[in-house]
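Presented as structure tokens, the chain that follows is alone, the form predicted on its own.
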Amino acid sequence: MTSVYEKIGGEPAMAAAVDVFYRKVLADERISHFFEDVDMERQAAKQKAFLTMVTGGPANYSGKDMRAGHKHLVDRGLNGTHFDAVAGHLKETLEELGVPTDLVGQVMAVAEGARADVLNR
């Protein structure tokens, strides 16, 4: 059985997606302030490893769990509107890169599944 990771193009596709995704996020004034003091090269590497793992690729993610990794942002006001903005940029990125609709849906289901942990609910 082929994983979503393999179906969307593996490592090159994931690297491209994370690059495009963070360009969108950093250009969005609703959410860019959450990344002002972030080492974006390190953040992109963590995001790539996480997305790779949750889409069935090689599990090299060694970061904090979603709750712990986002608690400081929730303390700074991160809420469902911000989550929706980030998720929207992820969806747009995948669509722009030509990922088939069914696979976009699968990735977005994984993202939505993380909502409660990201928002510490």
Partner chain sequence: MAKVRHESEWYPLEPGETVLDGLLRQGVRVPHGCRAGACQSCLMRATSGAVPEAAQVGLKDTLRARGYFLACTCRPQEGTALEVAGASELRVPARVVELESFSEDVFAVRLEVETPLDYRAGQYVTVVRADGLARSYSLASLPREGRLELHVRLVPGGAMSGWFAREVRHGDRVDVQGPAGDCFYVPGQPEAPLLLAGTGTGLAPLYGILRDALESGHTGPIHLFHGAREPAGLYLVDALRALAARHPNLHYRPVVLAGGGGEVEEGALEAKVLTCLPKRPVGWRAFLCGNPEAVLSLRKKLFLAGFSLKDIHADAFLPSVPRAGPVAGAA
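Numbering follows the first chain given and starts at 1. It should be emphasised that the depicted structure is a prediction, and the values quoted were computed from it without experimental measurement.
FYI, the form predicted together with its partner chain isn't displayed, but the following is about it.
Contact with its partner chain in the predicted bound form, judged by any heavy atom within 4.5 Å, is made by just one of Met40, Val74, Ala68, Met53: Met40. Glu112 falls outside the set of residues with a heavy atom inside 4.5 Å of its partner chain in the predicted bound form. Among heavy atoms of Asp19, some come within 4.5 Å of its partner chain in the predicted bound form. In the predicted bound form, at least one heavy atom of Glu36 sits within 4.5 Å of its partner chain.
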